[in-house]
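Quick setup: one chain, the form predicted alone, written in structure tokens, and binding and motion questions come after.
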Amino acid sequence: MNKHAKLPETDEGTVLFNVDPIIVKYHYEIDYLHSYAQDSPFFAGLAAKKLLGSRCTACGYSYATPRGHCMECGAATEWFELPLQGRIHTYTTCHFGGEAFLKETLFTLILVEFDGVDTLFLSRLVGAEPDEATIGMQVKARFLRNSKFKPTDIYFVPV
């Protein structure tokens, strides 16, 4: 047994952001395999420049944000294509955001209302300043050219 064994040292250190409590920055990276399971058609639709919702097979309640089963009666739902144009039901200006949105802050989140659909769809409004958004404003869907299979593959712009 070597009593003088030592781990190798480097010149790298840790940046201390706060002392009490101690807060340090660590980089963390991992590959993660994710299944969209029953929501796969929604994300495949976004890649094909289509917005899919779901409709109850029993009571007909329709969801802009898809559900596998109806929240009104519990029956299974089926996919249907949503219109690509709607209107702002409500909106909020975000002054802070998660990592994916840091470069876009300020940004506007909207709830889009579609004719004939019972629920609303959450998305971003692009192409309008936060003070230009209004309730009732007509908006149309746009899709990223290269799908990332994420909810942010779709956004809305003023008509």
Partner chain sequence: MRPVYMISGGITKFAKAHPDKDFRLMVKEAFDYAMADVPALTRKEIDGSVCSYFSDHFTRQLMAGAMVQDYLGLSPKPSRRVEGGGATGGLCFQSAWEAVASGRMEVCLAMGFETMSRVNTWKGNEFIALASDTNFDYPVGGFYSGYYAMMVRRHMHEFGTTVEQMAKVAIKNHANARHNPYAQSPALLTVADVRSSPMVATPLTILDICQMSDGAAVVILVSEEMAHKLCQQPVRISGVGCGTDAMRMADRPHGKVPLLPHESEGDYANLKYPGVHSFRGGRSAAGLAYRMAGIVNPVRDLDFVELHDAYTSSEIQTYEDLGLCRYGEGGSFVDSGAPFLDNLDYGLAFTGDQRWPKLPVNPSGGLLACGHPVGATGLMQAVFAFWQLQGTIGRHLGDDTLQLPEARRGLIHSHAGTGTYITVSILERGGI
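Numbering follows the first chain given and starts at 1. We call the rigid core whatever largest set of C-alpha positions still superposes within 1.5 Å between the two forms. Note that the structure is a prediction, hence the values are computed from the model and not measured.
What comes next is about the form predicted in complex with its partner chain, which is not displayed.
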*Is there a non-hydrogen atom of P66 within 4.5 angstroms of a non-hydrogen atom of its partner chain in the model of the complex?*
yes
*Looking at the partner-bound form in the model of the complex, is F114 within 4.5 Å of its partner chain by any heavy atom?*
no
*Does the 4.5 Å heavy atom contact test between D31 and its partner chain in the model of the complex come out positive?*
no
*Taking 4.5 angstroms as the cut-off for heavy atoms, does T57 touch its partner chain in the model of the complex?*
no
*Out of 19-42, which residues reach within 4.5 Å of its partner chain in the model of the complex, heavy atoms considered?*
P21, I23, Y26, H34, Y36, D39, F42
*Would you say V19 moves its Cα by 2 Å or more between the shown form and the other one, aligning on the core?*
yes
